[in-house]
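Taking the form predicted alone, here's one chain by itself in structure tokens.
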Amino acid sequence: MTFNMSNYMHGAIRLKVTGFMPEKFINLCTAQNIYLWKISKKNSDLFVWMKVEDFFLIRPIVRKSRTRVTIVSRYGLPFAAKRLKKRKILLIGPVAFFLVLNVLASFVWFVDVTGVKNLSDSQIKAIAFQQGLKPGVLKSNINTKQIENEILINTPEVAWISVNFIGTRAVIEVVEKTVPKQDDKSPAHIVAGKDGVITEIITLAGQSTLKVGDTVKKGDLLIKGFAPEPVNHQDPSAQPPVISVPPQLIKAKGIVKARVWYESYGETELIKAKHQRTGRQQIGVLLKIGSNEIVLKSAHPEQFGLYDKEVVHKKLPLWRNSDFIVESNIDIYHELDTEWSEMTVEEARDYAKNNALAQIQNLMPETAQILSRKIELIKTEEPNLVRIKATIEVEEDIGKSMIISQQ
């Protein structure tokens, strides 16, 4: 590898040696310590490689061996440099390209905000814009610390912020404060959030209205948001008449567990069509400059029997304070090929059952305790369709707080 690199740096040439005895040329070069390599013979001619510096030493050898040499090809940096001198544009072009690329890379062209949940991107970008962070600005003119401080001062919801540059993108990374959820102490009843059969009632505050074994529907009152009435153990005849007063409203608290049933259906086909892209596509390009639209390329998806569409929308960032909009829509139509897959009845049942159970799983709370599970095959008139009904019985807390209107 070192020898090849040396040959490239100093240059090498391939010679064609012709004459009555070209082998004599090889022997004389070897005697003069002139290194030759890749020696080959074609018809009566010899082809050899040698260093450029040795080429100027072989004139006596050529005369003595009564041969004639012709340069067939050249290899190495000296010859490449000579070609570049003749074609200066090949040297100037890449240099100019890298210079322009380096200049463009020193500007900010995109501003992104990450990490926001409750805040809006535009709110953060507006503050950064006021501090000079906008597309088309030199990175060296941007004071990131000042931008971070201004966002922290003007946005109390932000706990930490960082402004970094990734290529031509300015990324504003935000961490929002975690505000503890305030406990609402407004008077409230506890009502049923679902239909079910009561299995357990634990009243912590308020007045229970049901007992174990009662059937309730969604919205039924479970625990009233009234303070418990005081118990009087004295003789009522010895007491003066009691004036009735409205009950004191409180926030009801308690646990009301009930048996709840969930039902769901899952179905699948025994023979299903699966669409895959063939690799063929049609591309349409629409350029929008201001209010003008220019069709750069038209697509003809009607050539495909079946296809899907992918839309790529690109918009150049606004330059400084300009409202001039440049954007493009690229519509890519992918040709689709249809493949048919077949399931056995058992595989279809399992697939439909898993779909039905997955739907129920999304409805059930994590704290629900499963009591029983029932899987039922539903007969259909379509021979290609398998339908499954899944029923799951669980025990869960169905209590739901409902604010008491005091109007």
Partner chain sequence: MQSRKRGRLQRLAGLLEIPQDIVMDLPRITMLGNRQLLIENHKGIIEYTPSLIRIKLNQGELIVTGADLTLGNLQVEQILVEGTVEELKYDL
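Since this is a predicted model, take the numbers as computed values, not measurements. Numbering follows the first chain given and starts at 1. Between two forms, the rigid core is defined as the largest C-alpha subset superposing within 1.5 Å.
This next part talks about the form predicted in complex with its partner chain, which is not shown.
From the list 65-73, 28-36, 335-343, 353-361, the contact stretch for its partner chain in the predicted bound form under a 4.5 Å heavy atom rule is 28-36. Taking the partner from the other structure, its partner chain in the predicted bound form has a heavy atom within 4.5 Å of a heavy atom of Lys41. The shortest heavy atom separation between Glu23 and its partner chain in the predicted bound form is within 4.5 Å. Proximity of Ile58 to its partner chain in the predicted bound form falls outside the 4.5 Å heavy atom cutoff.
In the predicted bound form, its partner chain lies farther than 4.5 Å from every heavy atom of Met50.
Taking a 4.5 Å heavy atom cutoff to its partner chain in the predicted bound form, none of the residues in 139-159 make contact. Lys374 shows a C-alpha shift below 2 Å between the shown form and the other one [criterion: core-superposed Cα displacement of 2 Å]. A movement of the C-alpha atom of Lys389 falling short of 2 angstroms is seen between the shown form and the other one when the two forms are aligned on their rigid core. With the core held fixed between the shown form and the other one, Gln32 has its Cα displaced by at least 2 Å.
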